[in-house]
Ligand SMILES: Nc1nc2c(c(=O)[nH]1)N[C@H]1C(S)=C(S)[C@@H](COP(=O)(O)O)O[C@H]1N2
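Coming up is one lone chain in structure tokens, specifically the form predicted on its own.
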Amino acid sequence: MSRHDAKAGGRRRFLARGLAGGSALLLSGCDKLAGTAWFSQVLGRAGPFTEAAQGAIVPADALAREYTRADIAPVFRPNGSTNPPDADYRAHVVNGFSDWRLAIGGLVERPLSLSLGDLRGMPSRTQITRHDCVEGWSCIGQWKGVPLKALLLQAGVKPQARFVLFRCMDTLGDARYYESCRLVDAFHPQTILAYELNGQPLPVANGAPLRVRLERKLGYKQAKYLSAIELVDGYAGIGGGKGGYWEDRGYDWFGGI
């Protein structure tokens, strides 16, 4: 790691730790952060500035740093939902996800329904990247999956589509988890739907059978336990209207690093 990379990573971790204010780890930490008025205000004000600044100086297709196998953490730390109790998800776990399918619909020309076997049979991308959590920790892991761009091209994105919505199978509190991103981020070369972590099938604790990897985003944007992807022209009428589960609770929608 270069001195510049070390300093930049240190600044990101320092900022995240400062924002976290010593909150507990895992989901309890996210709950505490989201329930803190000053934290929501900081994210709400910083988000648009961060997005504008990054857009001005970093090309949309700029790559996140990729690491070597020697950098991979012995255990990739799980966070948030790690064992969803939802009945439909538990049924998939019991049968080894044999009848699980990923639906791709919304503003597309050709809706898709893909099994895990279908996805594994497609051209894949493997990347070793760092996961940065808003709570202030990071972890390096190797991900393998299907580039989201390839699936969207196969489905055919309609001209009015502006965002990609990720629907998940885990319920937190009284709401199903969901996330969203811009089309430009969905088409980024490092944006993949990962089905392997560190050379093994994705564990339940890390989002089996499929999770999003948006490598230039914070951890809460990396939706796990995927069931469907929708192309939409806006997200104001979905969930709490802010574009994601944690965003509905005060987090910044952009979530860039």
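Values in this document were obtained by computation on a predicted structure and should not be read as measured data. All residue numbers are counted from 1 along the displayed sequence.
Keep in mind that the form predicted together with the named molecule is not shown, yet the notes after this line are about it.
Taking non-hydrogen atoms only, Asp185 never approaches the named molecule to within 4.5 angstroms in the predicted complex. Proximity of Ala64 to the named molecule in the predicted complex: non-hydrogen atoms within 4.5 Å are absent; the residue sits far from the partner.
At least one heavy atom of Pro78 is located within 4.5 Å of the named molecule in the predicted complex. The named molecule is not drawn, but in the predicted complex it has no heavy atom within 4.5 Å of Ala194. Only one segment in the set 214-222, 186-194, 228-236, 65-73 has any non-hydrogen atom within 4.5 angstroms of the named molecule in the predicted complex, and it is 214-222. Contact check at 4.5 Å (heavy atoms) against the named molecule in the predicted complex: all three of His131, Trp137 and Ala205 pass. Among Cys181, Leu151, Leu114, Cys168, the residue placing a heavy atom within 4.5 Å of the named molecule in the predicted complex is Cys168. Taking Ala103, Met122, Leu172, Val157 one by one, only a single residue has any non-hydrogen atom within 4.5 Å of the named molecule in the predicted complex, and it is Leu172.
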